[in-house]
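Below, in structure tokens: the form predicted alone, a single chain.
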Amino acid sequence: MAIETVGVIGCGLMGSGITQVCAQAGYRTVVREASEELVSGGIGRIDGVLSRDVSKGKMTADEKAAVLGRITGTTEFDDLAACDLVIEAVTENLETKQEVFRVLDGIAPPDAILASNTSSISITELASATNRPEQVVGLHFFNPVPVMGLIEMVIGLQTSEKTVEAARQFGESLGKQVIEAKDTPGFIVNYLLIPYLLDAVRLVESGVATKEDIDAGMVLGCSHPLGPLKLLDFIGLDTTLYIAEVLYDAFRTDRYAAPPLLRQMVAAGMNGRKSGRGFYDYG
């Protein structure tokens, strides 16, 4: 199917990034948020990113204006009625996402693809909230979306081959590499990443090494761009805890069991960069 108009649900960090890359790739993009304030904030974030690209000579002012001209912000679900593909990027919560999919199923055209940006929730469970499970797929982008070159495509139990092929072509049209995963908890990236991050917390918790030395070890010894504790701060400790709990519930193995220190830091509001303090201070 030809995808010309894309809908995005949510205009936070991930949603605004997805909206930006879709508009930059030439798609008419409709982004929906819960309030005018959130819509304005998200589009303002996109404007700021594009302005920096103009100042660095990565695009012209006319190109920036064209990108912004392809974006429409709204607070109404009904404004997504003409979208060929809708990408959900709301809070990482099963019930919240299922409700979004129920609403979208009643609004989007019959042949539209419904996608989720979830990093951990079952695509099959999300699809069960619709009458078109064969047209539901996972498109997991990575933060910051305009920079990161990967989309993790997650195939639900009932996702059709036609949907998979259309979603792959769409992802590649954004300039991303699309990797494919079956609908298993954590998919590929978080299945491997979360135990690594939790082990780094355990090293701090047990006093084996300082956070600085742990991060330096992985950056300088393994050529990682960020150490695990700085990466935790970037992702968000609360987000990491949520994903770990999803994976632990699914597998019941110690590698996904959240360390007490992680739980304590989240309870204290020390969620990383977004809160101003995590393993490092961003004040």
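Note that the structure is predicted; figures quoted are calculated from it, not measured. The first residue of the sequence shown is number 1, and the count goes up from there.
FYI, the form predicted together with a small molecule isn't displayed, but the following is about it.
Taking Gly171, Pro195, Pro146, Pro185 one by one, only a single residue has any non-hydrogen atom within 4.5 Å of the small molecule in the predicted complex, and it is Pro146.
Note on the partner interface in the predicted complex: the residue among Val49, Ala250, Ala216, Leu68 having a heavy atom within 4.5 angstroms of the small molecule is Val49. At a distance of at most 4.5 angstroms from the small molecule in the predicted complex, none of the three residues Tyr27, Ala112 and Gln135 contributes a non-hydrogen atom.
You can rule out all but one of 254-262, 59-67, 30-38, 228-236: in the predicted complex, only 228-236 has residues with a heavy atom within 4.5 Å of the small molecule. Contact check for Lys176: no non-hydrogen atom falls within 4.5 Å of the small molecule in the predicted complex. Although the partner is absent here, Lys211 lies well away from the small molecule in the predicted complex, with no heavy atom inside 4.5 Å. Of the heavy atoms in Ser119, some are within 4.5 Å of the small molecule in the predicted complex. Contact annotation: Tyr191 falls outside 4.5 Å of the small molecule in the predicted complex, judged by heavy atom distances.
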